[in-house]
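What follows is a single chain, given as structure tokens, in the form predicted on its own.
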């Protein structure tokens, strides 16, 4: 066992190189930098945004429209002159995001129950998420205007009646049931909370598996290229120990990398959502607690085990594929099949409900080992512990089988001659 740990220390030293640590540090700094920028933009968007309004009606109703716009987090600059092109040009120069034109006869038309059109000019300078959000906020303001004016018209037409009751004769009192627990909350609120808490986990896992797989494949290819593998395999140490030490060291480094990436991505996602995942109102927070939609210490342990064994499974496959790499340049190409195996469950778990898939498709996806870490977090929140433990067991079994295959490869001299030969559109395995 002492020889094993000596090999592990050697592998960790070789993996934790400046070439590996510097890019990792740079990526984390980029996450934090981008997160702070987005956080500042979110705070800026919470300040009332300037908007140009041309009020050609100059009536009490048009004034009420302007007041609603103010309450919708806008700071309107009101003009009563019909200088549409000039004001629109000024709005573009001042980098404002929208202009509204209330037409003449607006109040008269509204009182005659005739639909009126407000011209809305969205000044788009990009197609980013924040740009789309500004347009959505303005649309919400228009919806608020419709709500207020329609309530006024109904009150005038039908005296003594509540407009809200007339427009919404059927109300809903929503409940959500998770397992055997029930809470008075909307499904949309629960879905939004879960998304804010778990969306970044598959992204992190995907990045870490890709990084770790390329790392170990390149490590083996480098040893073959530099002829150091021959020296290592000639030492009086079991080749199974050599394989296990390489995988253990790479898994340890990948786990450190996962924690670092997780920290950086968490900051990034929190900034992007404006902290919506943590700043909940009292009723929503109580409902989330009632449903048990929070990770306990036990849940974190299981999630960590699933992530770790998922990384180990990827490393074992990369170890086998790396044996076919002739040099470090070809190492990137030989792990391409693994990238496909990771990408399929990554996309499916992000987009689909697995319970709705046909049994054949569901079992095929479950056969891909990386599906289980992607599904671990939702399963834990739903108290489906059996699924998580079965996934961990499958990953451990898959890892052991892969290690046995890798040991068989390393137990012969074929490790020095195995390679993939690419010729035109065909490739073959040679010795």
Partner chain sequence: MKAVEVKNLIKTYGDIRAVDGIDFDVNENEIFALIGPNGAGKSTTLRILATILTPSSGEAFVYGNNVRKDPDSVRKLISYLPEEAGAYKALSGMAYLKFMADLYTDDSKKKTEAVEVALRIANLGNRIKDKIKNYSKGMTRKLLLARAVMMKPKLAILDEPTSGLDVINAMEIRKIIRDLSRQGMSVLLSSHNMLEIEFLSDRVGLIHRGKMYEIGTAEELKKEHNAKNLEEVFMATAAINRISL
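Note that this is a predicted model, so its numbers are computed, not measured. Numbering follows the first chain given and starts at 1.
Below, we refer to the form predicted in complex with the partner chain, which is not included among the displayed structures.
- The listed set 282, 236, 160, 359 contains one residue whose heavy atoms approach the partner chain in the predicted complex to within 4.5 Å, identified as 236.
- Only one of 231, 151, 191, 90 comes within 4.5 Å of the partner chain in the predicted complex through a heavy atom, and that residue is 231.
- When the partner chain is considered in the predicted complex, residue 96 lies well away from it, no heavy atom lying within 4.5 Å.
- Of the heavy atoms in residue 299, none are within 4.5 Å of the partner chain in the predicted complex.
- Using a 4.5 angstroms threshold between heavy atoms, residue 223 counts as touching the partner chain in the predicted complex.
- Interface membership of residue 125, defined by any non-hydrogen atom within 4.5 Å of the partner chain in the predicted complex, is ruled out.
- Only one of 301 to 309, 332 to 340, 202 to 210, 223 to 231 lies within 4.5 Å of the partner chain in the predicted complex by heavy atoms, and it is 223 to 231.
- Residues of 90 to 106 that come within 4.5 Å of the partner chain in the predicted complex, judged by any heavy atom, do not exist; none qualify.
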